[in-house]
Structure formats: structure tokens, C-alpha cells
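This document opens with one chain alone, in C-alpha cells, the form predicted on its own.
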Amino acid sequence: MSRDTIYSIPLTKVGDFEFDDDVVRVFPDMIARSVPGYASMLSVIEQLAARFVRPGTAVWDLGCSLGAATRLIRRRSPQSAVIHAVDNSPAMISRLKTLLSESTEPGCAVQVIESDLRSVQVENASLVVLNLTLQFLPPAERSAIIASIARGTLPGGVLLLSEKICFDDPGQQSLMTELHHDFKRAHGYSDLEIAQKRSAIENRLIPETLETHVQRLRDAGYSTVTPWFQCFNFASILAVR
């Protein structure tokens, strides 16, 4: 695994964060050292696949990046299921195709799709994964996206939504931000790296409160909406259609 050093050198200008070749090269290290509880999120996604993916149905991994969730779901799903792995980053998609072609593990079919997730139509879904994805899309479009996913999800199917969240209370927001930065320092990031990464991503990643996400899912028609995980300013929600 290549170590993330993208923001370790002082930059005269910090551009917007992009999922380009440089990020793809270090992405597994970057996300593991940046997102508290990421391994737990993946473990539960694999667990959900074993319980909810039904024969002949579809799984949609929206914003799949390098397919960490896709590859776990694949080995726990019925052979007749199909996983649609969707991402709009050409670099991510190219690397995912290579990883799948090199894999010798048995599993169901995977269709890798280079596309903005807003351009695909979710249908016949028994499991949909939005793992740290919705936060990169415009807030004004998020309700329509969730509603469309809900319409394409079978009764009893589930959506796993993981997001960076924010807080209405300024003291809580400040504390959770500081604890998140402490987490990054404990995993080897310098203050310079933390500051430059924050500058790069703050206009790309727009967080919302946990309550906003829960209400949006309920409004979309999910019968059970259960936040199951939170660590500092990251949370994950299970929604059953």
C-alpha cells in the first residue's frame, strides 16, 4: 500500500481535491488514516450483503472508488446477483477494473460503470451502498437522488449511507473537528497535511447534520431508518425500504 504524502510539502496554492491518479495511488492509505471507523463500515457492508442480497437482484455501489465495498459484497452475494459499481473518476474506474481482473476469488458478476451516479437509474436493488459519496454532491440535489434510489429499491431492500456530518451546536462542531484532527495526527498526518487537505476539500465535501440525513431517508419512503455508527464527525445509517 502506497503511503499518502500528497499534502506533505507546502503548496503555494492548494487546488480543489480531485480523485485523480495521484489520489488513486494512495487512496487505501488515505481513507484508512482519514476516516475513523472506515473498517467497521466495510465490515457491516459485507454483513449486509450476506443478509439482504437476494438471487436475481442488483446491488448498486454508487461512488465505488476502488471497489472496497464491491469486492466484499461480491463474495457474499448469490451467483445470480449483479453488482453495478459506479464512479465518475476515470482513474478510480481504471484501477478497479485491474483489481477485479487480477482477483481469483469466486463471486457474482460485477458491471463497472464510469458515470456520474446521477446519470444511472437504480433498479431491482436489494442493496444500495452510498459509502462517503453523497457528501460530494450538491445539497440541493440530494433529496431527489435519495428518492430515486428508494424508487429503484425492492421492498425489504436496504440502503447503507455513510457520511461526514456536521453539528448545529458550535461547541459540538468544534470538539468533533478537533478530535478528528487528533485521529489524523495519531495516524501520522502532520498539521501541514491536515490544513492543506482541509483547504483542498472544503469546497468539494459539504456535510449535513445526522438529523437531516435521517429525515431525508424517511421522506423518501424508507420504512426503517437506523443510525448504527458514529465516530466523531462520521456516521453511517441503515435504511430499509
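Start at 1 and count along the sequence shown; that's the residue number. Note that the structure is predicted; figures quoted are calculated from it, not measured.
The form predicted in complex with a small molecule exists for this protein as well; it is not shown, and the discussion that follows is about that form.
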Kindly confirm or deny that S115, R118 and N131 each have some heavy atom within 4.5 angstroms of the small molecule in the predicted complex.
-> yes
Could you confirm whether M92 comes within 4.5 Å of the small molecule in the predicted complex, counting heavy atoms only?
-> yes
Partner proximity in the predicted complex: F27 to the small molecule, non-hydrogen atom cutoff 4.5 Å | yes
Closest heavy atom of V59 to the small molecule in the predicted complex, within 4.5 Å or not?
-> no
So in the predicted complex, does any heavy atom of Y38 sit within 4.5 Å of the small molecule?
-> yes
Exactly one of I31, V44, A195, V214 comes within 4.5 Å of the small molecule in the predicted complex through a heavy atom, and that residue is I31
Which listed residue (C166, L100, L154, L137) meets the criterion of a heavy atom within 4.5 Å of the small molecule in the predicted complex?
-> L137
Among 84 to 92, 166 to 174, 146 to 154, 103 to 111, the region lying within 4.5 Å of the small molecule in the predicted complex by heavy atom distance | 84 to 92
